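Okay, so here's just one chain, in structure tokens, the form predicted alone.
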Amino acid sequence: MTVKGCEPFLQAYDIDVNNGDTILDALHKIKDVQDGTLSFRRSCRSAICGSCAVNINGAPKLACKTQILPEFEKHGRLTIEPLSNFPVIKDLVVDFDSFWEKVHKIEPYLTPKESSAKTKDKDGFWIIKKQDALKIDDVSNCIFCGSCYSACNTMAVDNQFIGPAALAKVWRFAGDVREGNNKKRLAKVSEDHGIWSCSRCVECTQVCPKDVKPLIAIEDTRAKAIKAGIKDNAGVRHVESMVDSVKRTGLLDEATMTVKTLGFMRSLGIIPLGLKMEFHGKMPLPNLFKSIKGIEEVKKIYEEVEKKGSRVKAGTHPKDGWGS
């Protein structure tokens, strides 16, 4: 709870609950009977609108979907707090302005390209194949509840990070076969605080109440950006240096990867960090010549993956039968 002029504090309430009661039911009981000043958001009560997302025992969840007794039995307590990584307005109500600014920043709408005779029916409408529709099916289920932002570790240290929900929405359009503005869209989110700032902690996917899988959407967007030739950024340089390191030696040559990722001049800026790592015995030395036993087997794996990629690109993938 927050009170003007006071530091935030936790307020305890005792209520009687029945089997099947949800956290939202409890909040209504408190507001109706014990504390009329308690503030929280809610609307549909059906896990559709996303309004009632709060932190419950440290994890973002929908209050209308989370039952009290199972949650209490699991944790032995019930602590309800506002979502993390958002400014708090009052009690459980947080400010979503920056959240929506980031969603609008990625231009959340389709910019359709011209359809061809192969992609439209006799009435001129697009023909969407099932496999193409399934590529963006999960991300279409996002209800913008903010749970992924609350759990995001990158958001906790970088408030300019565009965030999981907005990046999942990027894939909704970047992965749509009708999209005609992909190069611009992908270039925009390949800049600082975009797709390459994601730490891949998987928290967003774990807490999403609609199984949107934002991390998979981010990874798909990264792959599509690389295929589109958008490679002038530290994220792609890091990926390429990692792939090269494993292919060359079978190991991650972290010291060399740092220079390849950041460039020589920017690498000088992290010398203080390198000295701290050396002091703690964690400074990796460049691996210029050494390789693992059986490196030829590793190279064969790379060759097979590259062959498979060529088949997919040509539209002759043995499993799917469609091009990337």
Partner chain sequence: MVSHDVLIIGAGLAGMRAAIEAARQGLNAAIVTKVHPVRSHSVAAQGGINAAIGENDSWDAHAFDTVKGSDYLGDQDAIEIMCKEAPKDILELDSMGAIFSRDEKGRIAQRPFGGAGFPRTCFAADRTGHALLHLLYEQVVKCGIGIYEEWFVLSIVIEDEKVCGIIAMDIRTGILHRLQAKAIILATGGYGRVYRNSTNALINTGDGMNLALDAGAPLMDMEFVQFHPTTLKTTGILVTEGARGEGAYLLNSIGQRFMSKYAPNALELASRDVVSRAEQQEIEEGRGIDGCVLLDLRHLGEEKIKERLPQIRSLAIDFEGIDPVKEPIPIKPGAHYSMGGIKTDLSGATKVKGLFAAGECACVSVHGANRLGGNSLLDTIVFGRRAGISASIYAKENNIKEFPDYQLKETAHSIAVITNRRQGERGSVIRDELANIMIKNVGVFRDKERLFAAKEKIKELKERYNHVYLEDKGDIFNTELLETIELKNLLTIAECIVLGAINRTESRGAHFRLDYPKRDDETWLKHTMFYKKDDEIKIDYKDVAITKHKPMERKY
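Positions refer to the first chain, counted from 1. These figures come from a predicted structure and were not determined experimentally.
Unshown form predicted in complex with its partner chain; subsequent notes refer to it.
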property	result
Residue (of G263, G36, P70, G58) lying close to its partner chain in the model of the complex, criterion heavy atoms within 4.5 Å	G36
Sole residue of C201, A223, V243, L110 within 4.5 Å of its partner chain in the model of the complex, by heavy atom	L110
Touches its partner chain in the model of the complex: D32 (any heavy atom, 4.5 Å)	yes
In the model of the complex, I295 touching its partner chain (heavy atom, 4.5 Å)	no
V157: touches its partner chain in the model of the complex, heavy atom cutoff 4.5 angstroms	no
4.5 angstroms heavy atom contact with its partner chain in the model of the complex for M257	no
Contact at P8, K102 and K135 by its partner chain in the model of the complex, all three, heavy atom at most 4.5 Å	no
One stretch from 191 to 199, 71 to 79, 225 to 233, 123 to 131 that, in the model of the complex, holds residues within 4.5 Å of its partner chain by heavy atom	123 to 131
Residues of 160 to 195 having any heavy atom within 4.5 Å of its partner chain in the model of the complex, listed in sequence order	K169, R172, F173, R178
